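First, one chain by itself in structure tokens, the form predicted on its own.
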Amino acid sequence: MSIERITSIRGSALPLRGDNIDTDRIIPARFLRSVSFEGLEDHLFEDDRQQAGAAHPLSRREYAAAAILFVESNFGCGSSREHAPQAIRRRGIRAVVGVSFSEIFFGNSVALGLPCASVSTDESRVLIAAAEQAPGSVFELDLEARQLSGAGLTVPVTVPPGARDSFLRGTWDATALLLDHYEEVEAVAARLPYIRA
């Protein structure tokens, strides 16, 4: 099983304002009723969209094909549910760019091949404003060059070295790596007395 190397993500951006957006806002708990993640994207930011109506970015046609999500600080805080990045990725978002991310949300995102890149507070505001003023503008998150460019802007981004390396090398999917090297897993298991018994 080949794991995708992720070196860059290119596409339009969906701007989402607000600090401390928690996982219950991203995907409300009442939609977590199945054993799979199928269909979660249909309820992404369900309550926020209901409150804002047609004004919410996710409800606007010009952001329907967005591949990059622009956010502010402490995105994905709250519970540790992995459904939040699942819903985002299943919606078609391939990267999230913001000031900061909850540690658990970040880890769950890496496991799905969803890079979360950090920028400064000022740069986040500029990026969100650019995506609001010119919906459909194409941006590129370049993990190799550690930068995001588009709409006449180029800003540096930070991704922790371990996560960045796993995307660039295609080693971000731990389950696929185990399956690719299952004979090694079996060999280790055979040496462990508590598994042989």
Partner chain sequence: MPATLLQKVWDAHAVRQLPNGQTQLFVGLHLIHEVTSPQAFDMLRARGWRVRYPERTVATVDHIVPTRDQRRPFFDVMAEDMLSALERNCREAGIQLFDLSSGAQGIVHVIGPELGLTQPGMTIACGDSHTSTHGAFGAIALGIGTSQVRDVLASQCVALNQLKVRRIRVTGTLSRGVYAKDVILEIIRRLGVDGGVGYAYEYAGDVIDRMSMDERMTICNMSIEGGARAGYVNPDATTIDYLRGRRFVPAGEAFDTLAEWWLSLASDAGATYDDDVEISGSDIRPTVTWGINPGQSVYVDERLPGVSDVEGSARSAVEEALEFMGLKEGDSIAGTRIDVAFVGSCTNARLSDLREAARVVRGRHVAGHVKALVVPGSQAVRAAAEREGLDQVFSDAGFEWRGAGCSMCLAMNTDKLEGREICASSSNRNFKGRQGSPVGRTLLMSPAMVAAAAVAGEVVDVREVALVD
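Numbering follows the first chain given and starts at 1. Computed from a prediction, not measured in an experiment: that's the story for all the values here.
Quick note: we don't show the form predicted together with the partner chain, though the next part is all about it.
J.: Which single stretch, out of 22-30, 129-137, 145-153, 57-65, brings residue heavy atoms within 4.5 Å of the partner chain in the predicted bound form?
T.: Result for this chain: 22-30.
J.: Consider G53 of the chain shown here, and say whether it contacts the partner chain in the predicted bound form, taking contact as heavy atoms within 4.5 Å.
T.: Contact check for G53: no, nothing within 4.5 Å of the partner chain in the predicted bound form.
J.: Find out whether any non-hydrogen atom of E103 is located within 4.5 angstroms of the partner chain in the predicted bound form, and reply yes or no.
T.: Yes - in the predicted bound form, heavy atoms of E103 and the partner chain come within 4.5 Å of each other.
J.: Answer for S118 alone: is it within 4.5 Å of the partner chain in the predicted bound form, judged on heavy atom distances?
T.: Outside the cut-off, so no.
J.: Within a 4.5 Å heavy atom cut-off, is E82 in contact with the partner chain in the predicted bound form?
T.: Yes, contact at 4.5 Å.
J.: Go through 125-146 residue by residue and record those having a heavy atom within 4.5 Å of the partner chain in the predicted bound form; state none if no residue qualifies.
T.: Contacts from 125-146: just R125.
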